[in-house]
Ligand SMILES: NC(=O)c1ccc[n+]([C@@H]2O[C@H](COP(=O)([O-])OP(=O)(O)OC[C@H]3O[C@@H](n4cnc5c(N)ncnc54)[C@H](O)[C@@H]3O)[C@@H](O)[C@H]2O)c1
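This document opens with one chain alone, in structure tokens, the form predicted alone.
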Amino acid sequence: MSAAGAVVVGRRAPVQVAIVGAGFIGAVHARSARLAGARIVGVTASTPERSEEAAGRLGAVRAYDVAEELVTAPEVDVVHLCTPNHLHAPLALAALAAGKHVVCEKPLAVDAVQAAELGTAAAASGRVATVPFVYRYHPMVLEARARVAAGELGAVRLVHGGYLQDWLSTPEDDSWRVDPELGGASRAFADIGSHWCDLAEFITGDRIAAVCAQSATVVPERAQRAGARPFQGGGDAAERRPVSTEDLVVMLFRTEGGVLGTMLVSQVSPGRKNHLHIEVGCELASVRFEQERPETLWLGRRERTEELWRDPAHLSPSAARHAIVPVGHPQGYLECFDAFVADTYAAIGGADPDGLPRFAAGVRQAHVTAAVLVSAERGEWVDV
């Protein structure tokens, strides 16, 4: 991978960007786009009033009232889709048909059929289309990947971990993601389990072939607060609505290489904020990464264990390229997002950054999610 600055699209620089959806993640996209040298020419939010507010807050040239108008606007080169999930497919298809490059939030679509349609459209368009599986860009993830690939740790024997959050842990917590009409049939797994599975496949180079899953909805009713901002505590709301999407998933899996694994996904684990953790147990050593402690990588051997720091002088070339500040100066999620957006724009300029998560990665995780849902319903192993 390479972190790049502004790139030229055709004869025009900087890149002309549209931000569709102006909530938490829309602001993250806008920040990374600006740092990569892009110009935000338009933004749209859920209402015209919110669009005007967001244009000022995100530094956009103008606000658009209609998302479909923005994603096909002639001045736009790249569309960043940061909307609720049910809008991803129609807006991405419109943008690709209009010749735009697309950055679409995950999950790529509300189901595997829509996701596959997007993958096909992106491939046919010749445009760059990417999905923000940005945890790939942690230097210590890249270090783990490099050591596994080099055979330094021996053959992979076991993969395990999970992704735990607490922001939907009480009946007063709500979000549009809870509604299957807006977020899709899967919530916790599609939202954060997809990140974990992408990371497991990225680090090991081995794909999940079959799954055996169970899911649970442990908060059966929630306050009617669909407009609540993510990661904020619930308030009082008298009206309640039933919940059908899952709060947690336990999954066994088998890879194409025959490796067994386990993982747990939960959005209802008090005290866990963004606890993505993955451990790869190999023949000679085990390696463990925790997203909430991104400066280090745990390496365990039978005779000793050690903690590797994000020190560019002692990292593999792929990891060192993304260690952008000296060891001891923390870097984390936002820097990962910056590198992902910069790599996307570099690809638009003709580069081929290693590990850039394109739409095919989003399609892949949509199929894993679909298999998990079927497995949880039938109570049996399901091939991906």
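All values derive from a computational prediction rather than experimental measurement. A residue's number is simply how far along the shown sequence it sits, counting from 1.
The same protein also has a form predicted in complex with the ligand, omitted here; what follows describes it.
- Within 4.5 Å of some heavy atom of the ligand in the predicted bound form lies at least one heavy atom of Ala45.
- The ligand is not drawn, but in the predicted bound form it has a heavy atom within 4.5 Å of Gly23.
- In the predicted bound form, Gly162 stays away from the ligand, with no heavy atom inside 4.5 Å.
- Although the partner is absent here, Gly193 sits far enough away that none of its heavy atoms falls within 4.5 Å of the ligand in the predicted bound form.
- Site residues Arg147, Leu153 and Thr255 are none of them in contact with the ligand in the predicted bound form, judged by any heavy atom within 4.5 Å.
- Residues placing heavy atoms within 4.5 Å of the ligand in the predicted bound form fall in a single listed stretch, namely 45-53, out of 30-38, 314-322, 349-357, 45-53.
- In summary, among the residues Phe202, Tyr137, Phe289, Trp176, the only one with a non-hydrogen atom within 4.5 Å of the ligand in the predicted bound form is Trp176.
- Only one of Cys82, Val128, Val243, Ala112 comes within 4.5 Å of the ligand in the predicted bound form through a heavy atom, and that residue is Cys82.
- Along 98-137, a non-hydrogen atom within 4.5 Å of the ligand in the predicted bound form is carried by Glu105, Lys106, Pro107, Pro132, Val134, in order along the sequence.
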